[in-house]
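One chain is shown next in structure tokens, namely the form predicted on its own.
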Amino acid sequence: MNSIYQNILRQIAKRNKLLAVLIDPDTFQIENCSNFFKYLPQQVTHLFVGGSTSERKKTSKTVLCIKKFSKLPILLFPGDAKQISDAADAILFLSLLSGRNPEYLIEQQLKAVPVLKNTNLEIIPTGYILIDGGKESTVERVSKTKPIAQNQVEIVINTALAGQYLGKKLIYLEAGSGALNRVNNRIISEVKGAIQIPLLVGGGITSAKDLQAVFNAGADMVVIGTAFETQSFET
């Protein structure tokens, strides 16, 4: 089996920048699935499926629909254990490191184990760090945790390093869906300089200019969701 994670590492080693589109099953219109992919930029390398409130049935339907129109690798980005679908290729096994709610540090992961044991999903341990994007995000509301302020750079760095030391294979800096402010360049640059594992950045990236700035700051993969869903991404 060709490991998605190993392929990510190979692409980064070649200095290729990766772009993922996050599809939320709660808002994705399955009847317009084929149309969605007509407008997907060619530089997209991965598809993430998940949200904070989706259910397994919706997630599975969305993944199966996507597979009809795309050969791109599909990774689950679950808000909780109920969203796991073995129709996908891999799962970001998330731990919300920026919060202190045990439900999203370990409890949801425990609930996921009985399901994951019976799937062929590639499991990619991921340290998830919520950064203040200027408005309350769905993740903040559902997880009942607070994001890290953008000026608390040292805390963000140390949290990312703690994730790496715990054995996470990816670090994901997230400003939240529909964020007013994306993760700033200083945070991205300093976290990238501190860790030795791939860095993903998402939230509040609404234009090609933003996308390039985030890549230039050091992100290995950029994740865009709301801007593509609402067709508001500025090229």
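Start at 1 and count along the sequence shown; that's the residue number. No experiment lies behind these values; they were computed from the predicted model shown.
Keep in mind that the form predicted together with ligand 1GP is not shown, yet the notes after this line are about it.
Here the chain stands by itself, but in the predicted bound form one stretch of 163-171, 64-72, 27-35, 197-205, 197-205, has heavy atoms within 4.5 Å of ligand 1GP. The closest non-hydrogen atom of residue 179 lies within 4.5 Å of ligand 1GP in the predicted bound form. Taking non-hydrogen atoms only, residue 18 never approaches ligand 1GP to within 4.5 angstroms in the predicted bound form. A residue is said to contact a partner when one of its heavy atoms sits within 4.5 Å of a partner heavy atom; residue 223 meets this definition for ligand 1GP in the predicted bound form. The closest non-hydrogen atom of residue 22 lies within 4.5 Å of ligand 1GP in the predicted bound form. Residues from 116-138 that approach ligand 1GP in the predicted bound form with a non-hydrogen atom within 4.5 Å are limited to 128.
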